[in-house]
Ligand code: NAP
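Below you'll find only one chain, the form predicted alone, shown as structure tokens.
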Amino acid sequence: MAERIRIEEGGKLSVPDRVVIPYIQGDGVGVDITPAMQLVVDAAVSKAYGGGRSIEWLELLAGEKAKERTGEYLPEDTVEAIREHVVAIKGPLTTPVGGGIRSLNVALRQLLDLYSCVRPVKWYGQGSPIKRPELVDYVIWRENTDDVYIGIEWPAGSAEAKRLLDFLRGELGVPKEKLPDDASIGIKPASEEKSKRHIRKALRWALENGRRVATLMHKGNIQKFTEGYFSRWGYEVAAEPEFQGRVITEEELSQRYEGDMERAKAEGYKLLLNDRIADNMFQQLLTRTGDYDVIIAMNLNGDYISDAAAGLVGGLGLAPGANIGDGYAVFEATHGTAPKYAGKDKVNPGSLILSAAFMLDYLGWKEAARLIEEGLRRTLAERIGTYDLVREWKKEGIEGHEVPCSAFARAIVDHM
């Protein structure tokens, strides 16, 4: 009989061999990609463990399907079920139009306190606009609960904006030329507690998964007390007892080992921590692609860099994602609902399939996760892909074999 995942003391997951995993089908193309994902995952688990482990899928309602059946876009029963089962996976959800929840994705993150958005970006053989896509193997950690995305803002000319302008000029002495009367106002908070818990989780993950480098991405040269403090807090986390002797900063590496990370590793260090200015980071991904590994960012920067990095390997079609908190995690497709393709068995299910592989890795079922990745890699090596993948290969003068969404999933299974 299948059982639920439980969170033990210290945040460690207790995952039974027969586990219940909730899923949200998603709107639009969710009807196509979710069954494809389940087919691949079930096959990988069966092949990896020979029947010793299995998943029982539990459907939860959210989005348009939930609205039709319950009158709500995000029923409380759905949120509570994710809390009870700890880990879930979902297809893309439509943002309601004309009121209600501002964003279903944001609502889930806030209600479950999923404070880190994690976006792995890796090249598997898909078409790419860069010369050396095989060098791309990033995991981007984006903070979810601070920064301008929290939505504290007022439109120009509103009573609230005027009151705030008056306060800033009168009480804090901000010159009028910096804040003209027709300014809209937004607030950008960066808090120590939220930043540090996010950075701490990213560093722990990097160490547990044998990553080489962690980079704090920020614009602290200009936004000194928000972005600058994010970087500063990152170095403070790295100095905490649990990371001492395991994480070394770029400055320490230069001073103590003349920049030689192999010497540092010989003395027990596992991970190099550095920081880069945000705008330069975009250039660095193109000019020094292989130098980066784990990228830790605030909310807005993380949003930008994760999509930009996905572009290096051909776009969001094979870009997985997750939102993770203290134990709780929701894995998701990173693309939209594409309603015009819904039910046509056409779109690329790779984003959700790789998100499921990431989920298996998170559960500790790493053998099944690797089977999915290798099955995908071998499928692409034979130039079997959905229309978007074949289109990108064609740009490179490569002839591909176009297959439907469901057939692409079956091909991944056949190539495990």
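For clarity, every value in this text was computed on a predicted model and none was experimentally measured. The first residue of the shown sequence is 1; numbering continues from there.
Another form, the form predicted together with this ligand, is not on view; read the next lines as being about it.
Quiz item: If we take heavy atoms and a 4.5 Å cut-off, which stretch out of 65-73, 46-54, 365-373, 386-394 is in contact with this ligand in the model of the complex?
Solution: Of the options given, it is 386-394.
Practice problem: Indicate whether this ligand has at least one heavy atom within 4.5 Å of a heavy atom of E143 in the model of the complex. | Solution: Although this ligand is absent here, E143 would stay clear of it in the model of the complex, with no heavy atoms inside 4.5 Å.
Quiz item: With the partner left out of view, is Q284 within 4.5 angstroms of this ligand in the model of the complex by any non-hydrogen atom?
Solution: Answer no; every heavy atom of Q284 is more than 4.5 Å from this ligand in the model of the complex.
Self-check item: Proximity of D147 to this ligand in the model of the complex, heavy atoms at 4.5 Å
Solution: Outside the cut-off, so no.
Self-check item: this ligand contact at G343 in the model of the complex, heavy atom, 4.5 Å
Solution: So G343 does not count as contacting this ligand.
Quiz item: Just one of T334, N301, S231, T78 has a heavy atom within 4.5 angstroms of this ligand in the model of the complex, so which one?
Solution: Residue within 4.5 Å of the partner: T334.
Practice problem: Check each of P339, G290, G245, P129 and return the one that places a heavy atom within 4.5 angstroms of this ligand in the model of the complex. | Solution: Going through each option in turn, the one that passes is P339.
Quiz item: Which residues within 343-362 place at least one heavy atom within 4.5 Å of this ligand in the model of the complex?
Solution: Sequence-ordered list: V347, N348.
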